[in-house]
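The form predicted on its own is given below as one chain in structure tokens.
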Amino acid sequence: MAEKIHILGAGLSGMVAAITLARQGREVLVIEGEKKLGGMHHDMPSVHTTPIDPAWMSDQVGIDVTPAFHPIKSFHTVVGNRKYELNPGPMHAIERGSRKSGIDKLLYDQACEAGVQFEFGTFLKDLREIPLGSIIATGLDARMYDFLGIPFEITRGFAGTQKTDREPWAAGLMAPYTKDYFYANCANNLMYGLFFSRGQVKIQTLEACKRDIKEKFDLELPNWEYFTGRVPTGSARNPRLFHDGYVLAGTLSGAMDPGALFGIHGAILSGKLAAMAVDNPERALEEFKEMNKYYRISYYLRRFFSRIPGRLAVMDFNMRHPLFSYPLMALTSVAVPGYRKGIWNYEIMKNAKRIN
């Protein structure tokens, strides 16, 4: 039996890897830089929406994650000045953080039950403090991108939360003042909104976003907090399971859709593959490449559409005529790492209703 397995990061991918290895009889230590469960303190608790089949995912990783996912009941989006009601399709809300209702707590409890050891509040400035072959799953944190020299883009923005009694609901806003978008969603009596861009975000643009979401969704979120992070979309060749003698998992591995930045699907699956890589690196690498094989196409599509004039007009046309854009939707749909359960973006747009 090999010596203790070290995992850096107690996020989704790190804990999935830890649970998998511990159930195989391994001794596992998870080292987390934050002082408590839930990852980056400024972003937790939070709620996110993602396309997923929770039962299928549970079967794939051998961990029941279904209690953490809640089917979206209603879904609205605004493109420019036009508002649409979408079909929620496979979209589910998921809570991140240390609350009992969050997926992080669900995985942490299962990890403890499997015998995983945790060390919180320890940030390693030098990877030489852990053995080669350790699993690195540090998410959006900037420091490991710098240490390993992994190409990235910087995300900046503002997030706000509030209590709510709404059923699972989601809304999106695409506007000229962001290269990405605003989204809001709720689950477990928590509303979370995030306005961000892979580019500069100014106070003035936040104020414009706040006016828009008040007008379009009758939504006001207090206590907006600034954040910045790094995402693995700095190169068309970014997805990597192995780097400098270490195993990567989650966002750091590039297991993220480079277009809309859906990362939960890839985080969970890549955690299982990182665990597999400990004993069977060849098979793990083969499955990792299969999971991310559409990354490069989506990467170039995103860069193309972010530069064309009339970007919002193109998006609005796609909303009104999704069948015309079906081939592109198919490519971007499967760019969500490992997602092979239909064309999720076509499903949500095919019966879109114009509201105004």
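None of these values were measured; they are calculated from a predicted model. Residues carry their position along the shown sequence, with the first being 1.
Here the subject shifts to the form predicted in complex with a small molecule, a form of this protein not shown in this document.
Enquirer: Which residue, Ile63, Leu301, Met315, Ile31, has a heavy atom that falls within 4.5 Å of the small molecule in the model of the complex?
Expert: Contact check passes for Ile31.
Enquirer: So the small molecule isn't shown here. In the model of the complex, which residue out of Tyr108, Phe152, Phe262, Phe217 has a non-hydrogen atom within 4.5 Å of it?
Expert: After the contact test, the surviving option is Phe262.
Enquirer: Looking at 242 to 250, 207 to 215, 172 to 180, 282 to 290, which stretch has residues with any non-hydrogen atom within 4.5 Å of the small molecule in the model of the complex?
Expert: Looking at the partner contacts, the answer comes out as 242 to 250.
Enquirer: Please determine whether Thr77 contacts the small molecule in the model of the complex, using a 4.5 Å cut-off between heavy atoms.
Expert: No, no contact at 4.5 Å.
Enquirer: Quick one: does Leu124 come within 4.5 Å of the small molecule in the model of the complex, counting heavy atoms only?
Expert: Within the cut-off, so yes.
Enquirer: Can any non-hydrogen atom of Gly102 be found within 4.5 angstroms of the small molecule in the model of the complex?
Expert: Output for Gly102 is no: heavy atoms all beyond 4.5 Å of the small molecule.
Enquirer: Within a 4.5 Å heavy atom cut-off, is Met256 in contact with the small molecule in the model of the complex?
Expert: Yes, Met256 lies within 4.5 Å of the small molecule in the model of the complex.
Enquirer: Any chance Leu8, Gly139 and Tyr192 all have a heavy atom within 4.5 Å of the small molecule in the model of the complex?
Expert: The answer is yes: all three residues contact the partner (heavy atom, 4.5 Å cut-off).
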